[in-house]
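As structure tokens, one chain now follows by itself in the form predicted on its own.
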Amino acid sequence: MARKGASFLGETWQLIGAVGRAMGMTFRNFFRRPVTLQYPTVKRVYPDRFRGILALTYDHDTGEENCIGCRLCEFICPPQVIKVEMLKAEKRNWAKTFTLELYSCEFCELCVQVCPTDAIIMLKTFDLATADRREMLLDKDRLHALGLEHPASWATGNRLRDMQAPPKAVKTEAKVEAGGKAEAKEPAE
């Protein structure tokens, strides 16, 4: 019987402590100035790793689109919102159609990571608010226009793969001289 009372008192003190910590946080923030941006007129500065909407890119040297229609982005997409139809040509393949249902996109960045030609990128914006869902169904032309209109995020597929690859091992050979010093020999590249 005494054991039940002790557990009740212990739980009561835990509850009082939790409520006290929560109310303390509330009172600390109650006197703080609000941080509100007047959105249409004042633009927010996004952090470097902000992941916004998706876009397609062009090759800066040739002016051709980078997408080769390999469909890797379509296969890896968890909600299956990307649809690609490939057009085979003599020199290289092209994406005949590329559609993206942005209203169902999870913004997981898997399509960006898997793209071998850095054709699909994430932008530093989210400004596609609309009342009509049909405007969130993006085709190839609209995705290219978005890529030219807004700044790109820091990450492309090749940069992300380079970050995730393990570092190359440095081969060192220690030669112990008579004086007790060790010299490291750089590998020839």
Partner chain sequence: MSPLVYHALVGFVVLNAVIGMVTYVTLLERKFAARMQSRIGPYYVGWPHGWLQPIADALKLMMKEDIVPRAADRWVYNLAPLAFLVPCILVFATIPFAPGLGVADLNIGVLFFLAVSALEIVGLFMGGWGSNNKYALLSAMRAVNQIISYDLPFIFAALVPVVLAGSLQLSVIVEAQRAMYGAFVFYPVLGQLAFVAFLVATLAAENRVPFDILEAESELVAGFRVEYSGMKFALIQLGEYAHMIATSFLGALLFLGGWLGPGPAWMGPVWFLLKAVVVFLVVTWVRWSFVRIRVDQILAISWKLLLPATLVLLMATALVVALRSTGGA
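This structure is a prediction, so every number in the text was calculated from the model and none was measured. Positions refer to the first chain, counted from 1.
There is another form of this protein, the form predicted in complex with its partner chain, and it is not shown here; the text below is about that form.
Though the partner is left out of this view, V35 does reach within 4.5 Å of its partner chain in the model of the complex, counting heavy atoms only. Although the partner is absent from this view, T62 stays clear of its partner chain in the model of the complex, with no non-hydrogen atom inside 4.5 angstroms. Put simply, A22 is close to its partner chain in the model of the complex: some heavy atom of it is within 4.5 Å. Figure note: of the listed segments 54 to 62, 36 to 44, 131 to 139, 144 to 152, the one touching its partner chain in the model of the complex, with heavy atoms no more than 4.5 Å away, is 36 to 44.
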